[in-house]
Structures are given as structure tokens and as C-alpha cells.
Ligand SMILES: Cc1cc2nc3c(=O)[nH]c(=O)nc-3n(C[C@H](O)[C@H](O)[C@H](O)COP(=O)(O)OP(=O)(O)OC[C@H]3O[C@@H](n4cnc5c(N)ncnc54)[C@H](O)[C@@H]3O)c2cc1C
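Next comes just one chain, in C-alpha cells: the form predicted alone.
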């Protein structure tokens, strides 16, 4: 076409809309054939790309594609954005219901985002801690240091001697049979390894559980709330809340149709960023079914869990300058690590963690029962006279139907490639993103963010044919 004697070149968005509209006309007709009348009358909406999930991965992908002039719609199943990045301020300080730290801030893209929203950060000092035995006896620094050396030696021996994969628990029993019987070493394996990975020792891959990568620098928290990053990424995006995706129909060269309630969203590409736990539960029907190799990878990977409880008191009953408190609970993973809010806040809050297999056990408790369970740990450390908390907040990520866990881990029998292969496009139309699609940075917010950028790059550099 011409305008004022010049050739008018359509922009990328126009070209995509023209191409997508033509390509999807056949798919829409085919996908509605045989569908009940209520579905057949569903409102059909079009976009260049549909992103499923408004967590960090979905927001990162949508933002980058929008900047590249794609027409993007984000479908979020819940009533708020952020996914597993969620902040509760009702205790007077930011309680991170989900992700709590920027792990390794040096060179981490999340540090740039934190600066963009002027979010103050605080370094949580890993060297500031007290560790207590199951009877409440405070452990000496020498004893803790000796256990750390034993743990480092154990990890080195596993790396040097293991020829085939075992569960981490079995590998430890094979190489150092007494390690899991030593209370301090056992505590470290839970409070450090099970917390870091999200999985119990009995299910972690001894070959691969610690082979991922990290950025440099001491971990930091965002004292005014991690959710500021999600809000920043969401600015200007077309996000549809309470849009529960039930099915995705896709076909190479013919785009996709995403079914969410009474609406059908047609697009040339779909980026699915729901957590691994949701994919494993198969609550979204894919037509055609996902490739068998991909389904096998999803089966091998596992969704881990960490349960938190924030206990607010009228005043501090513990050393206010100590960053962390560890408790060698008799049951592995039971409220064995606490973060002291007084190091960065005026609020008298202890944040307790249950990890490994005990996380699911804690989440099966009623609120009062979970609180009593955590308070027993607090009183073991600081005395039976510690009163009841004046307020409590707790988490149950494994019971949330839209997460079904906290973050993915490298399970016994899985391989790094199982993560990375999930990021490959299916039929040049359907893509997946999220922390579970990158072995290098799985289980982290920055891994989710980078995976979203990678999905956007694949669409723009490899799949778009405009």
C-alpha cells in the first residue's frame, strides 16, 4: 500500500496479526468442532502470543515481547500477579510468602530490577548464627566448624567416588555410614541442603543435586517486599486475572487456542509458565498430548517444598543481633532454621522453616497445630517461658492447586538435561518457561526470570517468520 506516494511498510505487530489471523482461522474452526454449545459460543480473543501464568517467568517473557512490539495477553489463574513471588505486609514487616532472597546479587539480573524500583536490600549474614541441640544446649563454634568440615569432605568424596546415581541419603550412608547419625551433621544436611534444594535427602540425586550454578555475593533480602519486582515487570501488560487455563490446542504452522473458562484465546505462540507441580498434575490438557520424551522428563523431575511460619511477638525473646538460629530437631527437617527479623526490622518476628519430608507433614496440620509445633522449637531454644505469639502467618505451597510445591529439584534418576529440554519449542508453537526449565538456575527467581527472557528470544529469533 502507499501513503503520500511512499511505500507504507507494516510494523511487526501488524504483520503478526495478519499472519496469525489467517493461520488461526482454520484452527479455530477445527477446535470448536464437536465442542458443547456453551464452549462454541465462547468469546474468542486474539493476540500474537498468549502467556500462561503471571509469575516472574511469564511477566519477563511478556514484557520483553511487548517491548519487541508483539501483541501479548497474559492469563493468570489467581487474583494477583507474582506467582510464587508474594509479599504479605500485615505483620508490619514484609513476610515473603514465597521467594525470600536474591541468591548471589553480583551480576544477578534481579539486582538491576531491585535498583530500578529503588528497593533497599539487606545482606543476611550467614556467619551470624547460633545452633542448639535437640535439648536446647547451645553448640560451640568449634563443634559447628568441625561438622562443616565433615560435610565438605563428604561432598568431595561423593563427587570423587560415585560412579552411578543414588539418592543422596543412600550415597551418604555408603560413603560415611555414621554421618546421618551425627546430630550436627544431620542438621546441616537438612537445614542447608534440603532447604537449598527444596527436596528431601532420600529423593535428591547424589550426582546432580549440587551441580547447578550461582551468582557471586552474599544473599540479600528486599526489606520493603520482593513483590515490587513483579509489579515493575507487569507495568503496561495486558494481564487477565482469574483466568484458569483448562486446555491448549496447538498445531505447527497453525498457531494455538487456549481455553480459559468461557473464553478462547487464539495466538501464533503460547508460552506456558505454570510451575512444574501443575504440569505434573496434568490439570491443563494439551492437544495433541505433549511429546512422550517431554512427559518422561516431567515425570523424572520433582517439585520440592519449604514451609514457612512467621511468628510475631510483643517483644524479642532471643538475641536481637543474631541473624539465624538453628535447632537440631530429632525429626529431620522440623522447624530447624529460623530467620531473625530484628536484624533488619523493628518487628519482633521469627521466621521458621520446615524442609525436606517434614514440610508436607507440617502443611497437613491445622493452623493452631502448626503454630504449636513451631513454638515448641522456639521454646526449646529460648526457654519454656516464651509466650504465645501475638500474630502468625504460615504457608502451604504444596496444597495450592496453582503451584503444588515451592520449587523444583534434581531428583534421583533425573539429569540436568531434563530441565533444559523443557525449554525447547513444541511444534514451533508451544513453549515452556519457569525455574524448572533451566538446570543452571533452577529453584530460583532469577532462573525463572532468565527463562522468560529466553522464551521471548526463541520466538523472536527462531520462530517468527515475518
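Note that the structure is a prediction, hence the values are computed from the model and not measured. Positions refer to the first chain, counted from 1.
Omitted from view is the form predicted in complex with the ligand, to which the following refers.
- Shown here without its partner, the chain carries 52, 78 and 445, all of which come within 4.5 Å of the ligand in the model of the complex through at least one heavy atom.
- Contact check for residue 409: every heavy atom lies farther than 4.5 Å from the ligand in the model of the complex.
- Within 4.5 Å of any heavy atom of the ligand in the model of the complex lies no heavy atom of residue 372.
- For the chain shown alone, residue 284 is a contact residue for the ligand in the model of the complex, at least one non-hydrogen atom being within 4.5 angstroms.
- At the 4.5 Å threshold, heavy atoms of residue 337 stay clear of the ligand in the model of the complex, well away from it.
- In summary, among the residues 103, 203, 208, 297, the only one with a non-hydrogen atom within 4.5 Å of the ligand in the model of the complex is 103.
- In terms of contact with the ligand in the model of the complex, the residue from 270, 328, 222, 245 that brings a heavy atom within 4.5 Å is 245.
- None of 313-321, 113-121, 276-284, 162-170 except one has non-hydrogen atoms within 4.5 angstroms of the ligand in the model of the complex; the exception is 276-284.
- Residues of 77-106 placing a heavy atom within 4.5 Å of the ligand in the model of the complex, in sequence order: 77, 78, 82, 83, 84, 85, 97, 98, 99, 100, 101, 103.
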